[in-house]
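In the form predicted alone, a lone chain appears below as structure tokens.
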């Protein structure tokens, strides 16, 4: 039997000045494993230890709240003041024990999709969210400037916690993507109107963060390129936004799409797309191919339904992307990269059923399919043991 080598998937790459041991990225995943006041828990550290042991080259953290008003829900970690740093430092130190694994802190403000009872949702413009049925409060210019400063302060804390880089969450209907979308931003000041103005907050965050922490700490972004709703940001505008991001100096872009309202406005929304056949996989690939020519030397991290190592290898070989990023497959198999590198090239065991997405509504995120199989296995072992007795 001829052994297939994944020469590209398991070759090192660079984001900024940081060397990544392979091209596999764990995309940011909401875990709900922090404890009260956004403090890192031992459960959260255990999860990241398993990912690091499993061979992922770069782990992007679950979204970290950069402002007390920016939370996505219970059990989300924070970095909006120094009290959160001790646990974050411990987490990063644990990840760095394993085979040169790198880790990025993803920073988020939930914007118009925020549902915190104490802090009403905010956005560039007061456009009703058809999913939450809330009308966000319109931010003032002064408040926007304060939010920029809070992103910068959280980035500085991430740097001091020895994260290898940061990723700004500018996708999925959260605050930064609210600004770049014509659907959620109808302002007529310096933060609204043209694509350049709508991207201003992203430019300001980058420039002020760079001034704060210097040139050697990579600043990356998860960037919305398609809202997947009528009247929202389309791919053409998304590519124009990406051009601005590249020119600004961001060190990598992970393009993505869809917002909360996609779930009710589209039959097959992007954020929770089911994969019923191989043809459904790699669902951002065609968009990435259109985006790649404007990326210049800025790495493109491809996310979205990637579950087959052979197709991942081909994507990298054809230079349609520089890294591949996964979330759901690594919930089921945190050791998936090691399995592939060791020669088992069967696709990820994850079937993209999205049951894990539903678990976050009630508690910690986990793979429902895997848990059912484990319960079945334990039940069979118990029955076999009783038979032997």
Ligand SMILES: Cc1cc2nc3c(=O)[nH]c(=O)nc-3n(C[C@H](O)[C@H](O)[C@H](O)COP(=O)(O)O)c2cc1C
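Quick caveat, the model's predicted, so the values are computed rather than measured. Numbering follows the first chain given and starts at 1.
Absent from the display: the form predicted in complex with the ligand. The rest refers to it.
Asker: Quick one: is residue 303 in contact with the ligand in the predicted bound form, heavy atoms, 4.5 Å cut-off?
Answerer: Output for residue 303 is yes: heavy atoms within 4.5 Å of the ligand.
Asker: Should residue 84 be counted as a contact of the ligand in the predicted bound form, where contact means heavy atoms within 4.5 Å?
Answerer: Residue-level check for residue 84: no, no contact with the ligand.
Asker: Examine residue 347 and determine whether its closest non-hydrogen atom to the ligand in the predicted bound form is within 4.5 angstroms.
Answerer: Judged by the heavy-atom cut-off of 4.5 Å, residue 347 is well away from the ligand in the predicted bound form.
Asker: Can you tell me whether residue 365 touches the ligand? I mean in the predicted bound form, with a 4.5 angstroms heavy atom cut-off.
Answerer: Output for residue 365 is yes: heavy atoms within 4.5 Å of the ligand.
Asker: Since the chain is shown here on its own, which stretch among 336 to 344, 350 to 358, 49 to 57, 36 to 44 would lie within 4.5 Å of the ligand in the predicted bound form, judged by heavy atoms?
Answerer: Among the candidates, contact is made by 350 to 358.
Asker: Check each of 292, 187, 307, 200 and return the one that places a heavy atom within 4.5 angstroms of the ligand in the predicted bound form.
Answerer: For this set of options, the contacting one is 307.
Asker: Exactly one residue in 220, 113, 71, 256 has a non-hydrogen atom within 4.5 Å of the ligand in the predicted bound form; which is it?
Answerer: Of the candidates 220, 113, 71, 256, 256 is the one lying within 4.5 Å of the ligand in the predicted bound form.
Asker: Let me know which residues along 24 to 48 have a heavy atom within 4.5 Å of the ligand in the predicted bound form, or say none if there are none.
Answerer: Residues within 4.5 Å: 27, 28, 29, 30.
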